[in-house]
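Just one chain follows, in the form predicted on its own, and it is written as structure tokens.
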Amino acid sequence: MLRRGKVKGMSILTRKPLDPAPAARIPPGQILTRDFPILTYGGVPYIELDKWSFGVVGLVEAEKTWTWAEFMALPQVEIRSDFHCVTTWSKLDNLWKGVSIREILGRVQLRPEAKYVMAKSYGGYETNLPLSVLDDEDVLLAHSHNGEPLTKEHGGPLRLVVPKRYAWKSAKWIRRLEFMATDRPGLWERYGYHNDGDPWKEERFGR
């Protein structure tokens, strides 16, 4: 359930705590951890906030770009969700703060043929998702985790968070969302990771 409030004049949409029974929230083959392991493809990119931007491109009527100040001025949300890594660890009850993906989608007009999206990151990483998976109430572009700004190792200043998929779909250091008519694989998908990555189906590798 979500509830709305106000913080410093900004709209805050907050998810109430999840079901307290953790065993029912851990997908098959996963192990619960209280740590937040750091797993990264390649090096950690250096990003200057005064040069940072986030954009929506591809199959939209008009492409849109936000500076850091413009992005932070958008309505903010807090969403509590679980996080599952393909390397078999799960971290429960993460409190993310950022901008709901539906806030972004509501500010651009997608073309009817847009069915997929490629999330592109600073540093060259990319991962693909169906629009139907991206457009969900618990998906957001997060700049904070458990009350603190995201560290650069965990994807700061901004990462995509897609709780219903393995963590490689939650692209760190995100800079663009490219909307597409047809699907194409991202980086790990080209190396044999599953195209969908649903942890409850153990979609780790292969199609």
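A residue's number is simply how far along the shown sequence it sits, counting from 1. Nothing here was measured: the structure is a model prediction, and the numbers come from that model.
A second form of this protein, the form predicted in complex with a small molecule, is not displayed here; the remarks below concern that form.
With the partner left out here, the small molecule still marks one of 177 to 185, 35 to 43, 134 to 142, 56 to 64 in the predicted complex; by a 4.5 Å heavy atom cut-off that stretch is 35 to 43. Proximity of Asn128 to the small molecule in the predicted complex falls outside the 4.5 Å heavy atom cutoff.
The small molecule in the predicted complex comes within 4.5 Å of no heavy atom belonging to Tyr116. Residue contact check for Lys172: one or more of its heavy atoms lie within 4.5 Å of the small molecule in the predicted complex. Proximity of Val161 to the small molecule in the predicted complex falls outside the 4.5 Å heavy atom cutoff.
This chain appears without its partner; in the predicted complex, the one residue of Leu110, Cys85, Leu95, Val99 with a heavy atom within 4.5 Å of the small molecule is Cys85.
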